[in-house]
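Below you will find one chain, with nothing else, as structure tokens; this is the form predicted on its own, and questions on how it binds or moves follow later.
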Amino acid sequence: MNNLTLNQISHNSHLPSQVKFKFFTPGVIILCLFALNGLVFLAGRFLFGIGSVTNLNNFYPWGLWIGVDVAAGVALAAGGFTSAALGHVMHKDEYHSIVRPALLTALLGYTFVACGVFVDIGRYYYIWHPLVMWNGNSALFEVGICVMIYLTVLYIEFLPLVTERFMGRVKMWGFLKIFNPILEFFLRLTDKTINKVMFIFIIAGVVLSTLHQSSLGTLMVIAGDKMHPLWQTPVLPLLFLVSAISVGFPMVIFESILASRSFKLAPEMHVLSKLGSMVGPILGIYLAFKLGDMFIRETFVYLKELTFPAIMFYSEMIIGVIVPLIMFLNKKVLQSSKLLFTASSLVIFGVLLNRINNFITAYKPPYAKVAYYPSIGELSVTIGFVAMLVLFYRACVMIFPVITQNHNHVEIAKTKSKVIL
């Protein structure tokens, strides 16, 4: 064995590949039970109506499914466009290893966001209306049309992984083998075509994401006096956009370290540490906008008493912004996978709590007689969606070349020892 072979092994160890690992583990079985429980309540929602499963009414037309499944889901899927902007638009080649996992996370995230909207709409069979009944003055229309187009873009961006996985490996049996040449032809044609135009979809994905991330904030600006002053502000679209950007890299770090632990792989700390170093300044920008807006509107007066909205606001800002901001500015945190995972988890928690606060905590209709609380059915469907997302992610990384695996360094060391001997 010569040096060329060693270089080839080293090179292959840094290429995305399928994860060879057993699918069913005790944790996966628990996720399957959560998913099954969610599907049961989901069936009840479609068989007996949305009122049979949720606590929604004419005063509270949206609740947990919109606040978490849609608003928070869109924000937490922002790692797709932030990593694409970093790896492809800015041509930072050292970050290419995290682009595919971030793309898969965004694809699955937006898919379940679309499912969440479909489930939440009372007359779900009219969900196709925005495609043909355009209303350019509606912020909700802009959100809907951008999410649909961006979801399509994400699936197109995922096509190279499909062609890479199956091109040259199409081997259908029996009478279906007559379709092998046809499928192989379409795979090679798709691979050849998509590589030439992929830059268009990457740029479109980044632009579309910035549009609907901010427009979700516009929806709550329209709510006016129905929202608590701690969150109601004309700059809410800007805050939604910056918070989505700030959670993009932490979500990539969170997903990467979690996947590494699940599949017993070495985390790519040389990439994740660099990503973490960018999070602190972005969180600082968000905190500056948030505090500046509070002092301009003098809404800090609502924090003098420990009311429920004040406690939720303190929790959102301290746990979700200030603490991780300090952590991401610490070099020891950036060099530790556990501390980096903790800091990223706090940012994710902060953005999740922010969307819950904006869409649920702060929203109080003037004539509502009772407050809204999520029902068991709503919680079950949301938890079931999260469980299914994780299960689909696990299946995809085992089928498609998504994750760059670093465990091959053991094989390289063994090969080098043989050369020495």
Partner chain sequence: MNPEEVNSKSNSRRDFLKGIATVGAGVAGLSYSAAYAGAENILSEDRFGALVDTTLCVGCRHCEWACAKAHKMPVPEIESFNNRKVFQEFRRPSNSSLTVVNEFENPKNRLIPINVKQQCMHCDRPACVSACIVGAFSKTAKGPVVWDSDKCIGCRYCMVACPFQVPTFDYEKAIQPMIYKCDFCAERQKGGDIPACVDICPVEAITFGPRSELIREARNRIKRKPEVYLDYIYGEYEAGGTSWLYLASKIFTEIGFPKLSQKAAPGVSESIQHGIFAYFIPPASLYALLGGLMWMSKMKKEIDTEISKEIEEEERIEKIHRIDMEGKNE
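Computed from a predicted structure; not experimentally measured. Residue numbers count along the first chain shown, from 1.
Not on display, but discussed next: the form predicted in complex with the partner chain.
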Exercise. Judged by heavy atoms and a 4.5 Å cut-off, are 34, 158 and 169 together in contact with the partner chain in the predicted bound form?
Worked result: no
Problem set entry | in the predicted bound form, the one of 198, 285, 266, 322 near the partner chain [non-hydrogen atom within 4.5 angstroms] | 198
For this session: Sort through 278, 183, 339, 140 and report the residue having a heavy atom within 4.5 Å of the partner chain in the predicted bound form.
Result: 140
For this session: Tell me, please, which stretch of 391-399, 348-356, 362-370, 22-30 lies within 4.5 angstroms of the partner chain in the predicted bound form when heavy atoms are compared?
Result: 362-370
Problem set entry | Contact test in the predicted bound form: residue 298 vs the partner chain, heavy atoms, 4.5 Å | no
For this session: Give a yes/no on whether residue 162 approaches the partner chain to within 4.5 Å in the predicted bound form, heavy atoms considered.
Result: no
Exercise. Using 4.5 Å between non-hydrogen atoms, is residue 97 touching the partner chain in the predicted bound form?
Worked result: no
Problem set entry | is_contact(residue 375, the partner chain) in the predicted bound form, heavy atom dist at most 4.5 Å | no
For this session: Using the arrangement in the predicted bound form, list in sequence order the residues of 120-135 with any heavy atom within 4.5 angstroms of the partner chain.
Result: 120, 121, 122, 123, 124, 125, 126, 129, 130, 133, 134, 135
